[in-house]
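Okay, here we've got a single chain as structure tokens, the form predicted on its own, with questions on binding and movement later.
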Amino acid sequence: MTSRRRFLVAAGLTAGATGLAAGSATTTSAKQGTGSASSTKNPAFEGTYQSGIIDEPRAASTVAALDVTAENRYELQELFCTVTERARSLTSGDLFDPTANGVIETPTDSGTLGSGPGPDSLSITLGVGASLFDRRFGLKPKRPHRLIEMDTFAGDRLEPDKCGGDLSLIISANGRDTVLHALRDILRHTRGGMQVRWKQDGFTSAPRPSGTPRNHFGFKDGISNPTTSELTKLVWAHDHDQRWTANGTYQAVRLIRMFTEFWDRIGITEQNNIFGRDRATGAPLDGNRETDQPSFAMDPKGSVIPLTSHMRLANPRTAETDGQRILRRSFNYESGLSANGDLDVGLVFVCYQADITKQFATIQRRLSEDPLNDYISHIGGGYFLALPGVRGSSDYLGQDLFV
């Protein structure tokens, strides 16, 4: 892993450096993120939280699950240092020098972005899965209490080669080439330390005509998210007996295949009733704008918004379910054709919460009666803890795992 030993020394790991000052959040709205989809400014790499969580997905994104191949605890520590070093360099827009290592036949960079990446709203988010806390590295005592293996829910058609992983890496930027360049760079510098288990590329379309972007079914996806003031309660980890997880968040990733040929044959009224929203405006069926709150209490029998509608099952908007809400950061994918010749399209569902069991998993069980299940299939994914942010130039992602 290139430069890892230099970074270990710079980080003061052999001396057990501690007491670094925490950064501050750079966003003001969970819905707004750090910038608009057309922004080119990269989110700040250092801070209390990792970038790419509060920030909404950009035009291009990739989620990759990785298996750690490091042979011991020290090599694992080096791996986290190297990922941190590369993420910091990539998001800072450092220029490339193809002769920096003195061997022009072995360039220091792929060259796909020319002499430097430039600002392209690049964010890189690293997470750890439950499988990392097995016997290999002596991390079992550090396993977050709320980090579980991914559940299998009614109707799932999970494909083993698309599930799990020791680590998750979500990269998002305005351009596909920027995302691929970042992934190639990180994999190149961590060769021998980790390898890709599965990955899914995706994209987020510009809002049409405005507001929240749409999924492949034509509906706006992710309209209702927690506000900034609700993030502490709903999103950031608060494992009081595991202080190292503070300012991290639990990440659920689900690969959802969408049967668009089947969906496109049903009428618009049925589509609206399945979602509980108007496809054109995104408004609840009892409202006029996508931001309008549905009045479920005024419609107890589901005469306007069906009791089985996706939005009503996912978020009943009761006092009992208020703490189950999640922060959605999903994006679309398109991967050619399925084995039966249909379009292989769908949603990379990504959400963040303080407790997967109480939030995402509870919602998913409630959705077992969702009519939308006839038109989708959950085929893969995993649960991870998105690590706390990097708190200074001597810090690295996952440092508290090793103290």
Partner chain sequence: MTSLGRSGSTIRLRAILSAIIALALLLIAWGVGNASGWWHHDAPHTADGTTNRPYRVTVNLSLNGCTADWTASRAGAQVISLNNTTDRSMDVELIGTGANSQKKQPTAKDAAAAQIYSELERLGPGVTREMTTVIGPGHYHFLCLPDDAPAVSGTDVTIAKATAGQVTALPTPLPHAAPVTEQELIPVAQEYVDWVRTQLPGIEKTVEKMHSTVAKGSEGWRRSAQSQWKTAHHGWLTLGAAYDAFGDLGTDIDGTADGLPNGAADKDFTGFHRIEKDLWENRAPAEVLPHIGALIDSFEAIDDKTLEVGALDIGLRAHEISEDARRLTLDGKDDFGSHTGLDALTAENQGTQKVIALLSEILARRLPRDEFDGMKSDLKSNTDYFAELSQEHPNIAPANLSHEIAQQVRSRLGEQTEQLARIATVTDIRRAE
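These figures come from a predicted structure and were not determined experimentally. Positions refer to the first chain, counted from 1.
Separately, the form predicted in complex with its partner chain exists; it is not shown, and the next lines address it.
Residue stretch of 210-218, 321-329, 75-83, 285-293 approaching its partner chain in the predicted complex, non-hydrogen atom distance within 4.5 Å: The contacting stretch is 285-293.
Exercise: N315 in contact with its partner chain in the predicted complex, heavy atom 4.5 Å: Outside the cut-off, so no.
P306, heavy atom within 4.5 angstroms of its partner chain in the predicted complex: Yes, P306 lies within 4.5 Å of its partner chain in the predicted complex.
Partner contact for P160 in the predicted complex: its partner chain, 4.5 angstroms, heavy atom: No, no contact at 4.5 Å.
I266: touches its partner chain in the predicted complex, heavy atom cutoff 4.5 angstroms: Yes, I266 sits close enough to its partner chain in the predicted complex that at least one of its heavy atoms falls within 4.5 Å.
Single option in D156, D201, D109, D239 placed near its partner chain in the predicted complex, where near means a heavy atom within 4.5 Å: Filtering the options by heavy-atom distance leaves D156.
Within 339-373, the residues that have a heavy atom no more than 4.5 Å from its partner chain in the predicted complex: Counting only heavy atoms within 4.5 Å of its partner chain in the predicted complex, the contacting residues of 339-373 are A339, N340, G341, D342.
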